[in-house]
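To begin, one chain is listed below as structure tokens, in the form predicted on its own.
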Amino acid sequence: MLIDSLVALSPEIMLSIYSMVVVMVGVFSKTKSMDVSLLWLSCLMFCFISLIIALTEPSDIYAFNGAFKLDGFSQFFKIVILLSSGLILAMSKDYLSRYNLLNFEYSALICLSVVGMMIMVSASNLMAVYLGLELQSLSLYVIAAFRRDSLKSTEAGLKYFVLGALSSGLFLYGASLVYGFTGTTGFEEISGVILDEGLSTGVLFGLIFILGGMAFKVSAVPFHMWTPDVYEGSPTPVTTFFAIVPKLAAIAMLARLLFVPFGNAISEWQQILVFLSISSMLIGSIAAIGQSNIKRLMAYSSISHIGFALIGLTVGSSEGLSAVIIYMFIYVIANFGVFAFILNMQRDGVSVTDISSLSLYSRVNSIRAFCLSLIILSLAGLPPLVGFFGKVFIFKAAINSGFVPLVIVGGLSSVIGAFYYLRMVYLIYFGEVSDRLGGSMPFINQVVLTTSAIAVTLGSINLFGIQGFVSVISTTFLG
């Protein structure tokens, strides 16, 4: 029934209508105060819709003839995506105002990209996946180039658009091959065809192209080329958004794509993921060593972390999927703390992104320096911080499934990555004397930084309780 489908997708519909209202109000008001009001209203809208989703009882509901599936897995990721987006908008307000970028278009584009991500995590049809991908991507292309007076921002948007179009082409070509050899684009139907007839060569090539397109979205090597340039060139609030929210949506979509339509071809896509995982971990860790710009360093850091997350997907079990969800949750918390600080790295009122500018920040503000150091050490995976246990869960799942070589490479990558993380901590406390960063930071960014530091320090206490909750979601998702 159409009515039932509309009700099932009511959160996406509400956010879509709200996005269009933001555009109309912004166009006709033409006042900066209204732009600020729309930003805060968007934050509240994200919280309101996430509350609606949280209060909806999880159940496997199909909408629009099976194109979308609502289950506990999609609900969990939608809530995290919505709350993360709202928090990033709130954190961005001071930066956007400082550089005269606080326009209503920013809030509207963020909302539309979130709609695309919500569609992605619920999609149960290749065409629905593409719809979500493009709605997300088209919005992100624009906000990457949002700072129109910056050559780097314009370049970032152009590079992201050109390479994003290539990845969309790869995905569409793969989807067309799968449709041509199975006669369907529905996830359940594709799974049934592969179960009955086996994996044909055409479907295998389609799977390879689809994974190539999805690897671009998660910044996995060798489809990572855009990431450092786009992270560096985009306005820092946009970089913050790129580093957290689209990664979550893409990992969730990749998990559904692998386990549902191609769940009967696990041995084939495991080989592809092994390559993506190993290359991402090693190249991400090694390339980060030579970076002098903290945004480029975080780009390569994200590539390396995606490599670790792909280990969990490679395992192909509920244990591996649970480990991925926990790992990404920890990754999100840590990145919120780091970017809450990066958003306010400035000297004499001018933003700076050189890693060397962290020198002796401990003498500027010892509490913030301590919080940032804890978060960085968690990203490095040092015990007893929560980042260490995130990797333990990933490695444990891989060992239990016989992927010991992946664990060895992961351990080696962690050692390499520790170098550039520890270098940042060294600069904070023992760097050379230089012009120091300013000491001001908005209240909300200070709260996020402190909360993130507390979470990465004490989160390991409750991590095993969280693991039980996530295991239920993973087990239910895999049937």
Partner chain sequence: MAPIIFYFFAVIALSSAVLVISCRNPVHSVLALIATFFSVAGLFVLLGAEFLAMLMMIVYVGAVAVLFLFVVMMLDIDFVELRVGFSRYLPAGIIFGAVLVFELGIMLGDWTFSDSFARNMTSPIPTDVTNTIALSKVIYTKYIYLFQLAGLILFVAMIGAIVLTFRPNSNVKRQNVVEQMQRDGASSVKVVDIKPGQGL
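Numbering follows the first chain given and starts at 1. For clarity, every value in this text was computed on a predicted model and none was experimentally measured.
Keep in mind that the form predicted together with its partner chain is not shown, yet the notes after this line are about it.
- Judged against its partner chain in the predicted complex with a 4.5 angstroms heavy atom cut-off, the residues Q346, L360 and L449 are out of contact without exception.
- None of L177, L313, I342, M91 but one reaches within 4.5 angstroms of its partner chain in the predicted complex through a heavy atom, and that residue is L177.
- Listed residues A145, L248, C371, L211 were compared with its partner chain in the predicted complex; A145 is the one with a heavy atom within 4.5 Å.
- Using a 4.5 angstroms limit between non-hydrogen atoms, L458 is distant from its partner chain in the predicted complex.
- A residue is said to contact a partner when one of its heavy atoms sits within 4.5 Å of a partner heavy atom; F388 fails this definition for its partner chain in the predicted complex, lying far away.
- Although the partner is absent here, M127 lies within 4.5 Å of its partner chain in the predicted complex, judged by heavy atoms.
- Taking the partner from elsewhere, F329 is found to have every heavy atom lying beyond 4.5 Å of its partner chain in the predicted complex.
- In short, of 376 to 384, 220 to 228, 303 to 311, 137 to 145 it is 137 to 145 that has heavy atoms within 4.5 Å of its partner chain in the predicted complex.
- Residues of 60 to 91 that come within 4.5 Å of its partner chain in the predicted complex, judged by any heavy atom, are F64, N65, A67, F68 in sequence order.
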